[in-house]
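Only one chain is shown below, in structure tokens, and it's the form predicted alone.
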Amino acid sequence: MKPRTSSPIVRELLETGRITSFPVIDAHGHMGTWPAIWFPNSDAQQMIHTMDRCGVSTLVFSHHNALQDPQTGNETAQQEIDRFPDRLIGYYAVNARYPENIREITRNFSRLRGFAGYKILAAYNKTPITLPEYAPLWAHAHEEKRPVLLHTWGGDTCAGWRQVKEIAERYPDARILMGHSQYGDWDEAISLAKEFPNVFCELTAAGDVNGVVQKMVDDGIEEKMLFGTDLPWFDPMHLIGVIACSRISDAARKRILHDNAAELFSRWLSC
């Protein structure tokens, strides 16, 4: 018996096990092993197999190793982007504890292949995004309208809503992606996305909380929401199902799963 629903997207997902009418774009991924946890499918080839199974065409990622060792970790990410240029786009991971790396890469970013912008794991590294060491990065992202993916969480003093607000005001052309959407501080995240054209809510983990996706859409920020999974941490099918089953329109579903990221990463997408 075919599922009874008025949504073509939901019906397609239920009947075929994936969305095929448009490509899903994952705006928040990683790669490789991570201490104290085992991932069954964490290398590039395995992750692309997972993406194929779930109907995800493109992953924008930072390598786990780069989050602690920017030099060697980003080199590994470059190798994988070169292997799969039609499936992978990079965030160059930076850490203010290595300011010379930030200064060098912002001067030479054009030499990279397939990197769209930057990734900052501020809370883990205890380096607020407002530190002067990050200023060259923000200036570069502002000048070239590049995305910067942040790890954001409710109550964080390194990349919380107050720090994001300060950066958004100072660098209005930098595309600021709030990874996890200030988890728990939903109203503040929504307010930032509504106030600043350059601030976006990325849904990794946030979508796990019942009603958050619908709340964001109801509050009018469907054009500022991005699908993301932290792959290989979470299976993409879970959040695809969450978005499909949320009480939102098909237009909003497609915006979140494809359109918003397609616009944001249009310069680096191969299709």
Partner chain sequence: MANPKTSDVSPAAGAFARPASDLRLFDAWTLVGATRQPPLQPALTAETLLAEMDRCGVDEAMVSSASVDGASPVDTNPALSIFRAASERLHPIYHILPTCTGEIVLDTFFDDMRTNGVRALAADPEAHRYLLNGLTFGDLFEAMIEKRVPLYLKSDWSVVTAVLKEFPELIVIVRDLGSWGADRFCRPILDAFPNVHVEISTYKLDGGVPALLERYGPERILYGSGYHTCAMGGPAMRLRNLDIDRDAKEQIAHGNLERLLREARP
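Bear in mind the structure is a predicted one, so any value in this text is a computation, not a measurement. Residue numbers count along the first chain shown, from 1.
Keep in mind that the form predicted together with its partner chain is not shown, yet the notes after this line are about it.
Exercise. So in the model of the complex, does any heavy atom of residue 262 sit within 4.5 Å of its partner chain?
Worked result: Flag for residue 262 set to yes.
Exercise. Quick one: is residue 186 in contact with its partner chain in the model of the complex, heavy atoms, 4.5 Å cut-off?
Worked result: Flag for residue 186 set to yes.
Exercise. Is there any non-hydrogen atom of residue 65 lying within 4.5 Å of its partner chain in the model of the complex?
Worked result: No, no contact at 4.5 Å.
For this session: May I ask you to state whether residue 13 is within 4.5 Å of its partner chain in the model of the complex, using heavy atom distances?
Result: The answer is yes: residue 13 has a heavy atom within 4.5 Å of its partner chain.
Problem set entry | Which of 154-162, 139-147, 81-89, 96-104 lines the interface with its partner chain in the model of the complex (heavy atom within 4.5 Å) | It is the stretch 81-89.
Exercise. Across 133-159, which residues bring a heavy atom to within 4.5 Å of its partner chain in the model of the complex?
Worked result: Nothing in the stretch sits within 4.5 Å of the partner.
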